[in-house]
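In structure tokens, one chain follows: the form predicted on its own.
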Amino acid sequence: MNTTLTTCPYCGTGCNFYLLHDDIGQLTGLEPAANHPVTRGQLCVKGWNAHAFVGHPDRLQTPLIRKNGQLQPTDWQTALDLLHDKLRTIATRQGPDSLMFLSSAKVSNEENYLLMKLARAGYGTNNIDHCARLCHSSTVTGLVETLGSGAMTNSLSCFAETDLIFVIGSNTTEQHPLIGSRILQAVQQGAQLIVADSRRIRLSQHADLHLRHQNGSDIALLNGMMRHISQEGLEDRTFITQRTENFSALQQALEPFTPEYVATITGLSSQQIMDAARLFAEADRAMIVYAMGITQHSHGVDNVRAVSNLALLTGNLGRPGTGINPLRGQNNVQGACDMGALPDVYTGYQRVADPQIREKFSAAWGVPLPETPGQMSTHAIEAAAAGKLCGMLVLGENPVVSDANQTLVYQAFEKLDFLAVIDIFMTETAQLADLVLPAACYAERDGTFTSTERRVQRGRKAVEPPGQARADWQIIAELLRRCGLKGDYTDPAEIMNEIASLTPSYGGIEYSRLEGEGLQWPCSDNTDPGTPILHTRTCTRGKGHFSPVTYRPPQEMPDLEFPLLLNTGRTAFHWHTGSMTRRSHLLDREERQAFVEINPTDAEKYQLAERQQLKVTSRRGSVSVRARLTERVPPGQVFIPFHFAESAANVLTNNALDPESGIPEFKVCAVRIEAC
């Protein structure tokens, strides 16, 4: 039996394991890396099954071109020539900005870099984005403003050094199980735990205080906590004076958020708000942990600003056991952002609108580059539905299932002149494409991935891809060559060298240094050991900036016609749009179909029974799901996981966007429920 060390393809925790494969190239299982600082010999249920989908018979194995309404096999030369000709023709006739490129948090740093290079240097547009737009674009916008860096400030090892953990908008034990286990271990060792979540998630059973606040009321809760901290003199005055700015503006903005006023918005008691404030402020070292329960709102950036304000107010930044710790949902969300798969920045968040930065990349790539920032992916969907976007290349994403308001997404793709998809399975998005290219999965290619704690790690090829499938970097390199750009890369290590030469925070990242534990950026040169904790002496922007925010309600709340509030999220057994986990037998066995969680009080009110087939309807559409009666959700709220295309939660969700980050309001919309 042969073994190959690689990085898990699921969430952003960054676990490593050994893929086990025989001499004829078949995967037979895997083993967790015992000495890895993240894995520590453990894996979650998804990690233990990460090999299962690799050899699935549904894997795409040959390029496909749509002819007479059907996708038919073709050869690579024909497929790539067609793809380039279509993209070039659209760019020439309708302008480069009539194209959109969607990159992926599932592919490597090198592949994200090449696709953003292809969009900008090859076809002349900054219309490049990826699924961080749907999960943590709020984080990047909010934390860059307040701290200068949009990344997790601390390391996973800090959970062993903290006195208190405040989890808000993160179902950690199910979505990032090994991080959840660290939180539970910290609690066992004496750390206090505050959980703010309307659902009774597993972590709440271990919390010193569980705040079941109304979805969408996070700003009111956080502002109320901060006001009470200031009223009782529990803020860190020394930290505020030495390391922050704009404190007086924050104080003024907090004044209306009395415990009594916040209670009317959140549904909590005044005492709970005051207790949470005291617990957090009195801890010497407190960590804030959050995920998409905070970010996926029409005011998601303001939510992140409020989280940052709380950390700055109490001096919980730049030390072990403290910090602002957003948890990334896919294995390379952080890396895809770092690589500039965003419409307004190159690698390392260097802005495309900066003439000096643009000239640096232009000189490196040998072509003039577009000046105007491109479209966010959510705006691109709207533009396509309006007939203002003509062509799109989608790499490893499935917007038909993952984006809000599925009806609008279908309309958008149907109106495109040309849609190309690169993926490992025939996803719901690929089924609509004019051209489908088969890709190698994580176990069949080399590359690097950057975890939620900014740890850059190797992914290593263990087996050959099926049929004619190719690594994404090889496919993109062929398109670069057709555009007259450098595409003769011998391997991903050479691509990383190019990335490092252009990216200060990755300047010291090279393959020879990534054996073992990897490196945490910023890592400026080949002598830099990396940075486990950000903002230790000063913030990346200089002084931490208090950014006052005020409460705004969600765009759509329950009413007489749609009396229940819908929340969406993940389950412990599935991930993203289910294309991989639902092709893993043991995971699919555990959770085979969608469900809707309903409080027994509501079930009695609407005369609904356990496992009854129900119709859930919003202003955008309807889905059929089975009832699951549980007090995990409070009365007036329901929950549906978004993994199941046949009962897609995003048929229902609201595509109301945050005006700054463009993220949709996945976490709050109004629905009604009736028996089918």
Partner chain sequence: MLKQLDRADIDHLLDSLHTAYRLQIPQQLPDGTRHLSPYTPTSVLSLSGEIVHRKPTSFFFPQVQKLVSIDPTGHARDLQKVEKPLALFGLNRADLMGIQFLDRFFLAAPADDIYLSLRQDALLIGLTGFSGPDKSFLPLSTGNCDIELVALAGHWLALGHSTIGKKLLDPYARGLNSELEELRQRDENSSGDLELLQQASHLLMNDLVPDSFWAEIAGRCILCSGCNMVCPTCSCFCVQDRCFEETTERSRVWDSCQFDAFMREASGHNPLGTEALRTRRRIHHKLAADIERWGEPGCVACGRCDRSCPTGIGMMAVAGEIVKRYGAGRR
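None of the values given here were measured: they were computed from a predicted structure. Positions refer to the first chain, counted from 1.
The next section is about a form of this same protein that is not shown, the form predicted together with its partner chain.
- The putative spot formed by L20, R40 and H206 is fully lined by its partner chain in the predicted complex; each residue has a non-hydrogen atom within 4.5 angstroms of it.
- Of the listed positions (S622, Q607, Q613, T28), a single one reaches within 4.5 angstroms of its partner chain by any non-hydrogen atom in the predicted complex, namely T28.
- Residue-level contacts in the predicted complex: of I640, C44, V651, L64, one residue has a heavy atom within 4.5 Å of its partner chain, and it is C44.
- Contact annotation for T173: at least one heavy atom lies within 4.5 Å of its partner chain in the predicted complex.
- Residue contact with its partner chain in the predicted complex: E590 places a heavy atom within 4.5 Å of it.
- Taking the partner from the other structure, its partner chain in the predicted complex has no heavy atom within 4.5 Å of any heavy atom of T538.
- Interface residue remark: P57 is counted as part of the site for its partner chain in the predicted complex, having a heavy atom within 4.5 Å.
- Contact with its partner chain in the predicted complex, defined as any heavy atom within 4.5 Å, is confined among 356-364, 136-144, 258-266, 180-188 to 180-188.
- Residues of 574-601 placing a heavy atom within 4.5 Å of its partner chain in the predicted complex, in sequence order: R583, H585, L586, R589, E590.
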